[in-house]
Ligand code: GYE
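Before any questions on binding or motion, here is one chain by itself as structure tokens, the form predicted alone.
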Amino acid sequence: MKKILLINFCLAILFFGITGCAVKTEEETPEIVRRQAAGVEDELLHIGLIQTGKESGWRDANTNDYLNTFIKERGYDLIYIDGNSSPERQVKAMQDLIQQKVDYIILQPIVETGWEEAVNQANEEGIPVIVADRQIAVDKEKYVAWTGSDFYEEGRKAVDWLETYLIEEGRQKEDLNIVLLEGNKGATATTGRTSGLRDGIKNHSNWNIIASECANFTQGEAQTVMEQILTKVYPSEIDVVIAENDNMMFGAMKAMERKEISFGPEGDIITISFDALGDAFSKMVSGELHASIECNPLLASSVENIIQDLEDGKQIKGKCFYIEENVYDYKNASQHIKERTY
């Protein structure tokens, strides 16, 4: 019996001596520790993506771009989380990803605020956070980089297009009444586009915003909001409708159609939106939409470049990486509609 006990004791020492090698040491890199801690033996990079939701066609294209880029065949294991338009759900998602010890977190926030604690937790665990699309109100040193659109510049592009159009039509001296449909309050896209639009509009003493309402980037809500505006404002008083994304413009169009109000290049009301979705091109070609300012949803390659640089031990130069975008209108839409991938 003593021999059996002695053998068992020696085996126990041997077992604990071997398993003790899996304990984190100072020499191990954070990436290796996270993979070991998660019990993963493959060589895939484990990426957590926190998305805003499914509020628009732009968002669907943006999501599909990530899903088609971060695939196992290209060396990735992607954990996709739909924020369902809830900032609280997004914060909880980041905490869950930290618990899972993923290698990287891609954050596409609904709103800018409320991220300090969650980002700090990711920093403490050594998990790099890459912010995309909208921004967060957190010290820039606490996340790796941000990539997306210059939303303020998008707003100014819309104003520039309208200025040029009015000059071409000989209408630059006319009084102009504008209806503005805004996106989510607190979202970077809303803040930037609204600021760009308002700064440009106030430079024209004969331009006036007669109604400005939030429609949360959704088509259904925009239709309801536009219907409410039309109960307070006569259609003949509206010269321009600007919607801060294409889907809101589509909703506004339905509301105007119900009131038999003509709009677009062949109608009475100038229509301008943002995103430049495929459906927006169709409406420009058909004479319903004047212009759409591109907001490029294809951000995955930019994010992947950042991740690969980090994997190669390169220093990320800069914090902001803007994506290339253009302006399209009813005059050039037919030339580009076939090349749209979203």
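Remember, predicted model here, so these are calculated numbers, not experimental data. One rule holds for the numbers: they count along the sequence shown, beginning at 1.
Although not depicted, the form predicted together with the named molecule is the subject of the following passage.
- Checking I238, L162, V102, A189 against the named molecule in the predicted bound form, a heavy atom within 4.5 Å turns up for just one residue: A189.
- The closest heavy atom approach of A300 to the named molecule in the predicted bound form falls outside 4.5 Å.
- Among heavy atoms of T63, none comes within 4.5 Å of the named molecule in the predicted bound form.
- Within this chain, E55 lines the site of the named molecule in the predicted bound form, having a heavy atom no more than 4.5 Å away.
- Shown alone here, I47 lies farther than 4.5 Å from the named molecule in the predicted bound form, counting heavy atoms only.
- Contact with the named molecule, judged by heavy atoms within 4.5 Å in the predicted bound form, is confined among 115 to 123, 263 to 271, 225 to 233, 128 to 136 to 128 to 136.
- Interface residues of 214 to 243, taken as those with a heavy atom within 4.5 Å of the named molecule in the predicted bound form (partner not displayed), are limited to F217.
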